[in-house]
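Starting off, we have a lone chain in the form predicted alone, written out as structure tokens.
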């Protein structure tokens, strides 16, 4: 079992068909039994469905809010979609969830600002009879989480690590010098991404084929507070000064997402250095442009439309008293229970496969046409 938490636009019918066909595990999809989660007794159309999202730190969160608003309305529910304030995201989200409970929400979908600080609120939601779905980020240290819907985040890290190795190999022979960045320490996904990437990179490091120039390999050293671009850029500035002055070359940077990747690239360009292989995630517009220009090497395609569609489908099935389909009942230990999960498969994207990867995305596909 992977103990991840402890280790370091309409919703179209065709999207739902695609969703139910895909799985990031070889296991067949199985319904979550009543022993594992809340009983599916059903509830009325028009019921309030709460959606608590973190602050608008990236494009995918902004898109998710719009998709939830439209998708829940089209499915016949009253959506209460809220974002936490960036200046006090945890306290704000705690208050929003409590407000959703007061409004009588039948389901509360939570993209946690900090998955370790919501146990009181999700337990109150359960006491009130609501079903709690963790969206994209696992909620930690409570029995009160019923389901988790996300992309396979460990696999995201594996794909990033392999892309880093592949990109450097395509540019020349090693050994290669790299630096490691990880996400915010208050996001449970950060450790999952990092562990996935290190499962690929560590053997190369142990073999001497890859060297971390600064020696900073612990996730506490590589973390980027708040997923903020300025924090990543500041750390990269410091690394350049301390480790890459003069002619010392940097061959690659593991970046956990696109926002940080662009900040890292900005720092490197500002120092007059050649841009190395830099990974990313989220398929943000500016990063797809950067990939097509040959700057950022890769991103991860995790189509937010499909992830929101999966969550809305869960709500619909719950309202109809159906068992909920999950495809992983072993991996996501939140410190108290293993949360039944529905995982979607991520896809690595480079310049070579960008057009194929985004062929169904009306925003990103045009950017891949040269």
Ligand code: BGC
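Bear in mind the structure is a predicted one, so any value in this text is a computation, not a measurement. Numbering follows the first chain given and starts at 1.
Here the subject shifts to the form predicted in complex with this ligand, a form of this protein not shown in this document.
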**Message:** My question is simply whether residue 235 lines the interface with this ligand in the predicted complex - judged by any non-hydrogen atom within 4.5 Å.
**Reply:** no
**Message:** in the predicted complex, is there a heavy atom of this ligand that lies within 4.5 Å of any heavy atom of residue 154, even though the partner is absent here?
**Reply:** no
**Prompt:** Closest heavy atom of residue 227 to this ligand in the predicted complex, within 4.5 Å or not?
**Reply:** yes
**Request:** Determine whether any heavy atom of residue 305 comes within 4.5 Å of a heavy atom of this ligand in the predicted complex, and answer yes or no.
**Result:** no
**Prompt:** Picking from 56-64, 308-316, 324-332, 41-49, which part of the chain touches this ligand in the predicted complex when contact means heavy atoms within 4.5 Å?
**Reply:** 56-64
**Message:** Let me test this: is every residue among 179, 262 and 296 within 4.5 Å of this ligand in the predicted complex, going by heavy atom positions?
**Reply:** no
**Complete:** The one residue among 146, 195, 114, 282 placing a heavy atom within 4.5 Å of this ligand in the predicted complex is 282
**Message:** Going through 111-141, which residues have a heavy atom within 4.5 Å of this ligand in the predicted complex? Please give them in sequence order.
**Reply:** 136, 137
